[in-house]
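One chain comes next, on its own, written as structure tokens: the form predicted alone.
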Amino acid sequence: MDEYMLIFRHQDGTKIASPEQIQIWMKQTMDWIGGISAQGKFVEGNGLPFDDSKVVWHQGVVTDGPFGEIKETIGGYIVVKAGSIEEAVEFAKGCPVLQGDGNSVEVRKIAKGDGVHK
């Protein structure tokens, strides 16, 4: 069984929703993760706050924020165990992040044990 990272790309919820709506989204997300965990397929995950972040560019240039002039950014991730990319994609399809127009979940296999990565 391989591990896959599900990367959540979305707008900063605090700029588009009330605190009550954010709490609803968080509960939906925790319930979704709980369903994956109940199958023994959840490995880890974290949110990535938008505040107090920096981007380091070529030649040591540092800018504020995780994003420039874009609508969405990486808001968090989870790692799941799956027998195939298709199974990991099925987990991603249930992610509450996808309720937002333009939001996405990127699914990437974690490279380890491939002879290049440890």
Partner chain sequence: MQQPELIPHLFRTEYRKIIAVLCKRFGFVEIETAEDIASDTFMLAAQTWSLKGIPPNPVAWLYTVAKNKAKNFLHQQATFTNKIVPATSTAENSATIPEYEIDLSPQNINDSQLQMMFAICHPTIAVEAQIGLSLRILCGFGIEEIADAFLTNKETINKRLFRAKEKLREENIPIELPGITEIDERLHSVLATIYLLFSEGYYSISNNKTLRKELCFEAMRLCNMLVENKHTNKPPVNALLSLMCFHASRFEARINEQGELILYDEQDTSLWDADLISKGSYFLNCSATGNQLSKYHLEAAIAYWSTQKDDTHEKWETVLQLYNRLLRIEYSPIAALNRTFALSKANGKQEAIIEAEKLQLTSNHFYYTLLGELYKGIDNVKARLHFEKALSLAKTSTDKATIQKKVDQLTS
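Residue numbers count along the first chain shown, from 1. All values derive from a computational prediction rather than experimental measurement.
Heads up, the form predicted together with its partner chain isn't pictured, but that's what we're talking about next.
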Its partner chain isn't shown here, but in the model of the complex which of Asp51, Glu86, Asp31, Asp64 has a heavy atom within 4.5 Å of it?
-> Asp31
Contact label in the model of the complex: Ala38 to its partner chain, heavy atom within 4.5 Å = yes
Although its partner chain is absent from this view, report whether Phe42 comes within 4.5 Å of it in the model of the complex, heavy atoms only.
-> yes
